[in-house]
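Only one chain is shown below, in structure tokens, and it's the form predicted on its own.
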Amino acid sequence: MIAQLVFVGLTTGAIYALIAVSLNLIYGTMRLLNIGHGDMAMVGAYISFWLFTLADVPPYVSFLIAPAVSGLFGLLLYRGMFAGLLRRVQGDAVEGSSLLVFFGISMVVQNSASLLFSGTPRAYRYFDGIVEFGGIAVTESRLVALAVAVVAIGAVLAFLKFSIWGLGVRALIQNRAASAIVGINVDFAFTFASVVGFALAGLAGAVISMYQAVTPFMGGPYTTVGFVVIILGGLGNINGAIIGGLVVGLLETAGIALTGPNFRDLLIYGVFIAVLMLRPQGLFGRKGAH
């Protein structure tokens, strides 16, 4: 029983970590508060659903198409809107301005999806077989979700650690002013964060669609969890986001098993409030870090 709960918690936490890493890339580099980030997961989920339903395209193909579409959307948003905003607005004002802008974008995306597809939950079945090992039973879709999240996060970490461009992005996350002074290509880092951040959210949505119903408003809870995770792990801390996602996934799974699914939001917000009160910089953040 305990092993089953731990494994389910890890699979849930891996998706939370994927969403949080993508959200933290955007915040860490540009200080943009993307409160509509979960809506990109919704878009990815609809892409996977409609491709499978209308064209019989298997979801693993959508794992390439959904992030390509959402990444392109991120690129267009950055070039068409946020590049100019970042030139005009500096400091803490960036966060406030971006919050309002992303709120408007979120409303447009959600209501457009609702008009196009209605609010009816939609779902499909794929990778729905049961796999048993070591006394643990799990659906194939959950195993695929875990594998995709691990590979995607690993690719991002490898890029940030081993490539010269990735090292520049890491430096920018740690200290924007110093990075610009030493000649790091800030525009490339911003573009990378926009494209990859949105792409990973779309990928997460395509994966989620295999085991969760798709609706126009499904992104909101994932945005909330994403912010809870990055607050827990530390704003701008990519490694902290990974650990935070796994922790929240395990806490949520254990909490629901002990109480019930109706207490999910209470558990999530309880973690959020506790971290803000006890350690506002996050479990892995540094005091005074910007």
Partner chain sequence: MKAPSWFAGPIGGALVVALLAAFVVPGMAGDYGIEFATTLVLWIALVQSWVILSGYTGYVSLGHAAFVGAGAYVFILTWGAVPFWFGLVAAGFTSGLLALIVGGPCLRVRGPYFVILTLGVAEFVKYAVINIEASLGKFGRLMIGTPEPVDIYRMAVGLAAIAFVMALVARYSRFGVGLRAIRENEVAAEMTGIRVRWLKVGAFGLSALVPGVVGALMICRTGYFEPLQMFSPQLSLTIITMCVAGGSDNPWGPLIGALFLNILSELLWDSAPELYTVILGVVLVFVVLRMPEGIYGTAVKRLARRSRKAVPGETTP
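Since this is a predicted model, take the numbers as computed values, not measurements. Positions refer to the first chain, counted from 1.
One more form of this protein, predicted in complex with its partner chain, exists but is not displayed; see below.
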Query - Contact test, all of D128, Y211 and I256, partner its partner chain in the model of the complex, heavy atom 4.5 Å - result: no
Query raised in the report: Does L72 reach its partner chain in the model of the complex, with heavy atoms at most 4.5 Å apart?
Result: no
Query raised in the report: Is W165 one of the residues lying within 4.5 Å of its partner chain in the model of the complex, judged by heavy atom distances?
Result: no
**Report entry** Contact flag, V101 vs its partner chain in the model of the complex, heavy atom cut 4.5 Å
**Finding:** yes
Query raised in the report: Is there a heavy atom of A155 no more than 4.5 Å from a heavy atom of its partner chain in the model of the complex?
Result: no
Report summary line: Heavy atom within 4.5 Å of its partner chain in the model of the complex, from candidates M107, L76, V138, A147, belongs to M107
Report task. Using heavy atoms only and a 4.5 Å cut-off, determine which of T191, N175, N185, S97 is in contact with its partner chain in the model of the complex. Result -> S97
Query raised in the report: Which single stretch, out of 155-163, 82-90, 197-205, 130-138, brings residue heavy atoms within 4.5 Å of its partner chain in the model of the complex?
Result: 82-90
Requested in this report: Using the arrangement in the model of the complex, list in sequence order the residues of 225-263 with any heavy atom within 4.5 angstroms of its partner chain.
Outcome: F227, I231, L235, N262, F263
